[in-house]
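As a starting point, one isolated chain is supplied in structure tokens, in the form predicted alone.
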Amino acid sequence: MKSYDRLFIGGEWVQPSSSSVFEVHSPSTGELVGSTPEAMNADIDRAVAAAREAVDHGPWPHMSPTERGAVLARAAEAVRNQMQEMSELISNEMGSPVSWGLLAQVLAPTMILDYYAGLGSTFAFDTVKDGMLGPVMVTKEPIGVVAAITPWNVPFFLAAAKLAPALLSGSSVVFKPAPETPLDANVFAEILADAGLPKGVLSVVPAGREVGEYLVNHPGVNKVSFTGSTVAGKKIGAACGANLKRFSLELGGKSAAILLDDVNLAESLPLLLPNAIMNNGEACISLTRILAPRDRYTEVTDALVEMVRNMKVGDALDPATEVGPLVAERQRDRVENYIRIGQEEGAKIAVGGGRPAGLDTGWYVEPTVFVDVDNSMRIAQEEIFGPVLSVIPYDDDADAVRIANDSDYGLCGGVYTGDNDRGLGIARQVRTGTYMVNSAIPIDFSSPFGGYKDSGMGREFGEDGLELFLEKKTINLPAGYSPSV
């Protein structure tokens, strides 16, 4: 049980402006596991004012990047000292299997923090060059006040993905976590404060959609960094565009895994499946469309179905669990509705499709594999966000690429083959921001991550992720002057 009665605003725990509270219930058991105040517009005003003061008059933007990086490094070490507790907390918030969560929900954020901590001493914030008419300095400055908005599926991971580069830039952050997962955000705030983050630089404002819209449109915010649905992302992009406000969007996906006709299933399916039903299927990068060669379609589906059938479904806190409950009843309803739609469209359930026996408490759905799927079906085009896979036949390599690209999304994907060169050739043709060739690693934290088409705008991670929170200034210098940088 982890409950808060105050909001973390400007580096201090303050009385909220209302008595409204978000209760957090375990998706596995339904039990109350924590609560936190719900932020209102007045709390947003206070948080933005604190962030503005920190940007305009505080020490944070004027500290060296190395000093700011040292704060991130201390935070990473503090997280490593409580990894099990953090993983269990997130499992209690949103149902992620605790064994998977240790790596993806907690260890991965420490890697992100460490990367940006190191970048503080290597990134060129100032460069001097010979311009066309004389010497020029190009300096990169903090963008200002950042509104960071994240969903509930990988809450701490996404918080680190936004806060680490934003803070390294010297900017201040007003962070709105999802109502379902506010607890780990408060823990992260405590960790950063203990690591030496000055007052005013960070606020955590758990809130719903309307208050989130107020934050996005707040005149004191210079930049919005959003991860979530494409529908919400389009609204945020329109709002920011109307006000010439900087924004970046990491949105949905409907990624395709292509099994080429020379694939070794015994080697490739163990690489593919963890990226298909990761985090109970509640992941934007999930490989939910499985493209199989028509002349090996039955062989592929039989092998895939057998592996899915043997996946352990259970309580998120059980270390043996591979698939836990969905985040909430409404999400289970959504997934079950898509399962009905798939059947109505003519696809067939090869395994799963119902609720697992013996798990009467919690929001569980059996891992499900649809066969005889046409790529035009809704289950192949729309993001389900649950443990539901569609196996789609194709005729040849060109047909596989055509099907993979026949999507409004372009976030992730993978190809599995006995020929790496052939796989790389496929990767170059699929219009998606991240791709795997015979790999189980969808994201590299030192390299750009983001999507084509409706999967977003901008790139997180790597130097690109830091650039999202910097403004460039060109300073023309007098002839013969060469400043130190």
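In this text, residue numbers run from 1 along the sequence as written. Worth saying up front: this structure is predicted, and the values here are computed from it rather than measured.
Beyond the structure shown, there is the form predicted together with nicotinamide-adenine-dinucleotide, which is absent from this document and is the topic of what follows.
Proximity to nicotinamide-adenine-dinucleotide in the model of the complex, taken as heavy atoms within 4.5 Å, picks out 220-228 from the listed stretches 353-361, 367-375, 267-275, 220-228. Contact check for K176, R209 and I236: all three have a heavy atom within 4.5 Å of nicotinamide-adenine-dinucleotide in the model of the complex. The partner is absent here; in the model of the complex, the one residue of F247, W152, Y338, F188 having a heavy atom within 4.5 Å of nicotinamide-adenine-dinucleotide is W152. Interface residue among D114, D261, E213, E382 relative to nicotinamide-adenine-dinucleotide in the model of the complex, by the heavy atom within 4.5 Å criterion: E213. In the model of the complex, A328 stays away from nicotinamide-adenine-dinucleotide, with no heavy atom inside 4.5 Å. With a 4.5 Å cutoff on heavy atoms, P387 does not count as touching nicotinamide-adenine-dinucleotide in the model of the complex; it lies far away. Although the partner is absent here, F449 is a contact residue: one of its heavy atoms lies within 4.5 angstroms of nicotinamide-adenine-dinucleotide in the model of the complex.
Contact between L167 and nicotinamide-adenine-dinucleotide in the model of the complex is not found at the 4.5 Å heavy atom cutoff.
In the model of the complex, just one residue of 270-295 lies within 4.5 Å of nicotinamide-adenine-dinucleotide by at least one heavy atom: C284.
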